[in-house]
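Provided below as structure tokens are two forms of one protein chain, presented individually as structure 1 and structure 2.
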Structure 1
């Protein structure tokens, strides 16, 4: 079977490191922009869900969130219906940064998709969505200590 892992990894690392370099201007530490974007788009989320959506380790997420809060970009509020949950919201400053992140991401996305037709882009988006769904289950299981057989 043909391999997609290698190029997926290469593309991901390339775009990620470009973003991290470019977001130093915004005083965003490595890796933080992904969290901020999601919190801006889904205010009221909890850490655990965010980690699961992004497929980032729970504890790494916890610390990134802590830093975002320390830097005044988000705020945690205890869920009144569930003392255990801490809901995440962007601050005004966080919301102010959001469009800059989007603009950069859209540029990178446009560069990545150069030369592809609209149809090809649609196909690619659809296939990646399916791949993501395929892999999500294993990720959760393996993170929880389940051992895959192969």
Structure 2
């Protein structure tokens, strides 16, 4: 079997490293840009949904949200339908840096896809979606306590 996860991991770590360097001037700590982007794209979501979308544990998500809130990039509002839930919203400052983060993402996509034809890109996108779905299903089962058999 071919080991694609090493290459996916290398790509992910390289892009995270680049983003962390480029977003340092925005006072975004390591990896926080991912949370801010999802909150800007889904204003009013709850923390648990954010953790699920990103496939990140609740503790790490809570820490990132706390930092984003402390830095004035997001705010929490109590859900009028469920007082236990806190809805997450970007502040004006968070919304203002969102376009910069998206431009960086678009640039990274362009660099990553250099030399590929539109057809190759379409195939790659489709295959990565399938891989993501496979891993997401496995992630959910493990989170629910199921043991994987190797």
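A quick note: this is a predicted structure, and the numbers were derived from the prediction, not measured. Shifts are known only where both forms have a C-alpha. Positions refer to the first chain, counted from 1. Take the two forms, superpose them, and find the largest set of C-alpha atoms that agree within 1.5 Å; that set is the rigid core.
In this pair, the copy labelled structure 1 belongs to the form predicted together with the DNA. Taking the rigid core as fixed, one finds a CA shift for residue 6 smaller than 2 Å between the two structures.
Here the two forms are laid over each other by their core, and the C-alpha of residue 143 is off by 3.1 Å between the two structures. In a core-based superposition, a mobile segment is defined as at least three consecutive common residues whose CA atoms each shift by 2 Å or more; between the two structures, just one such segment exists, spanning 140-146.
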